[in-house]
Structure formats: structure tokens, C-alpha cells
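Just one chain is shown here, as C-alpha cells, and it is the form predicted on its own.
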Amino acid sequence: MNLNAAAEILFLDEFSAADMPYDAGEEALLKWKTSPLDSAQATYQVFASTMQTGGWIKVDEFSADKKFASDIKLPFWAWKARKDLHAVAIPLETHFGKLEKNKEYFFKIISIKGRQKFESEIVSTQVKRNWFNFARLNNLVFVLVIFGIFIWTVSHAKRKGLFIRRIAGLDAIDEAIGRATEMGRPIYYITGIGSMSSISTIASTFILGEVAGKVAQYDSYVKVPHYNPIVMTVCKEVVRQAYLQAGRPDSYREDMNFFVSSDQFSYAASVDGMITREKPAACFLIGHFMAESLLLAEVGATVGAIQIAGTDSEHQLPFFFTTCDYTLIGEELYAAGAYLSKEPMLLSTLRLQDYGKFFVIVAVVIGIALMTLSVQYKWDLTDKILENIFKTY
């Protein structure tokens, strides 16, 4: 085919092959300039081979009005989204299996328009694993900023301490334990029916450790009936450690933590019976609860116990509000361990979470404003820029 005939269809200008940037060495990238003759009536066929002289495999075929550099899904800081450049990512593993190291791959493109064809020159490249994925730079920046803020808050907490607003339910723990000690009655601590993988159960074990330490200091007695045997095992170690730290290992008893039943309502009925018979002076209901929450809390209120509850099950909160003296709402439950222990590391995580919430709120407000303006004034790039910055890869 002569050059003039080729120019009348689709002559590939500046056709090149390269390794796909920022990947794990699995794709090759082909690029060439767009042509004024690009249209849906013309077609590009992409061929690849491990040899320059033969063994060609058709790896892609598309109409000439598709697949531009602007279609490559890379953020703006890692890729120039040009519309005047065709760009095709070729997944070599799909067609050639496991790739060999330093292996050279050859490519050519045939452009077809009607009965006319033009075959490009042959180009080649090697693919390799990239050490750094520049497309994820935003994630790295976010991690570094979060880590820096965390280090600063830990340092600040150790030097000057951090302010945490007063949580009445946690401040009442001393009152509840003191009342139980004066009356000579036990304290019941109920961790709910959640498993050890539940965040609310983990938070409950933190609070149990602080409560057990104060019980040891007051020389009172705590009983912890369990629904889950794994939670019981963990809580045994938590209570034992609390007594050791309080300097009262002789007061610790193995039967403080005991298994009741893994059936929801059998557990609730059994604990209700214990509370009715022993009439504890204080009841802690902290963890994950479901329908048994009102059954437990109502009996505790009937015997006149001070009740402190906390859960992240929002549909159970109304029952605790009605029957308990104090209720930890949502994140107050997660903050309880840091609030009670005043441990700088834990306090720092709370401050970091607050900074994170503030950042999210500000980002949402600014994002809404920018998206509104982009629609109003047709700023096409604004939504893509925002998506790239806040995208998690």
C-alpha cells in the first residue's frame, strides 16, 4: 500500500510502546496521536507477539473514536489526561501467561477503514514491576499527616495532658462502687451478648478492667455473668490483671467471671434471677445488647440498683434511657477506656479521631460547594480532581 493511500485512512503518528506506569509489571502501554480521520467507521486492531517476525496475537480491537489517554484511570498528578492521544493498556498476562523477567514484547496496529488497511511499524518494550505507585501518593500523604498528628498528640498528652469533656456515666462509677461497698452488696457487670470481635465488647472489657481495679481498691465484690465463653476467658484475665495492678491479688476469685448460657433469653432469665435474689447495689450493662436489654435493665431498676449502661446498638438505647441512671451513647462507650485510665496513648487516639471528624466535615462542606460551583459554571475537571484526591486505592 502506498503512502498516499495510507494517509487517506489512519496513519499512526508517533506510535510507541512503553511499560504501564505504576503497575506490578503486568501491562504494556501503547500510544499514538489521534487523527482527523478517527471515526466510528474506522477500526484499530492491536497485535502483540514475543517475536519480531511472527507469532502475532490480536489482543484488542476498537473503533477509532475510542480509547484515549483521558480514559486511563490514573489521577491527574500521575497522568496527563490528553484527548489528542490514543492510549491502550495491554494486559500481557491475559494473553501470554506468566511473564518472564526482561522479556521484550512486540506490538503493531492495523487500522481499517472500509476496504483499506494500514499496518503500523513494529514497536517493542519490556514490562517491569514499579517500586512506587505514584497514583497512590494521596493515600501516602494522608497517612503521613495522620501519623504526624498522632505523634504530636501523644507528645502533648504526656507533657500537658488532653482535655476530654466530662462524661457523667463514667464519673458515676466511683459512686456506684462506693455505694455497693457501704451496703455490702455485690456489683453486677454484664458485657452483653456480643462476641470478642465486636467493638462494643472490646470497649466493655476496657471498662471492666477499670471497674475491677476500683472494686479491688474498695474491697468490694464484682460478678460478671457471661453469654460467650471466649469473652469470659478474656474478661477473667482482665479482672485478674486489674487486681494485680491494684495490689490485691489475694482478693481475686476465679468465680467472679462465670458462664451462664449461650441462648439469648435463657441467659437473660438466669441473670434476672440472680439479680432478684442477690439485689446488687450497682449494675453495669455495657456492650452489645439486643432484645434482652430491657429484661435485664428493668429487673435491675426494680431492685433499686444504680445502673450504668452503654451500647452502640442505637435501637436499644431507649430502653436504657428509661431504666438506667446513666447511659453511654455511641462513641462515649469507645472513649471510656481512655477517659478512665488517662493513658496518654489512648487519649491521643481520641484527639486524633476528633481531628479526623473535623477534617471529614470540612472536606464534605468544601466538596459540596465546589461540586455545586462546577455544575453551575461547567467546571468539568473539578469533580475528577476531587475524586482523585479523596480516592482510596
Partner chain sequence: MMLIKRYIPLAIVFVFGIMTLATYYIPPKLAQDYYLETMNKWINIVAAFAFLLALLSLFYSHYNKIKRKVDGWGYSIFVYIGFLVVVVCAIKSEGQLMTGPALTSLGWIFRFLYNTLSASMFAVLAYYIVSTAFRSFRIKTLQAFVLFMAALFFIIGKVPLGNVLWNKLFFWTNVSISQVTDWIINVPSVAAKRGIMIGIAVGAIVTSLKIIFGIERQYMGKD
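Fair warning: this is a prediction, and the values are worked out from it, not measured in the lab. Positions refer to the first chain, counted from 1.
We do not show the form predicted in complex with the partner chain, though everything after this point is about it.
Proximity to the partner chain in the predicted bound form, taken as heavy atoms within 4.5 Å, picks out 345-353 from the listed stretches 34-42, 66-74, 345-353, 47-55.
Proximity of residue 385 to the partner chain in the predicted bound form: non-hydrogen atoms within 4.5 Å are absent; the residue sits far from the partner.
Within this chain, residue 206 lines the site of the partner chain in the predicted bound form, having a heavy atom no more than 4.5 Å away.
Contact annotation: residue 26 falls within 4.5 Å of the partner chain in the predicted bound form, judged by heavy atom distances.
In the predicted bound form, none of the heavy atoms of residue 156 sits within 4.5 Å of a heavy atom of the partner chain.
For the candidate set 255, 121, 250, 84, a heavy atom within 4.5 Å of the partner chain in the predicted bound form is found for exactly one residue, namely 255.
Contact with the partner chain in the predicted bound form, defined as a heavy atom within 4.5 Å, holds for exactly one of 136, 117, 179, 95, namely 136.
Contacts between 312-337 and the partner chain, taken as any heavy atom within 4.5 Å in the predicted bound form, involve 312, 314, 315, 317, 319, 322, 323, 329, 330, 331, 334, 337.
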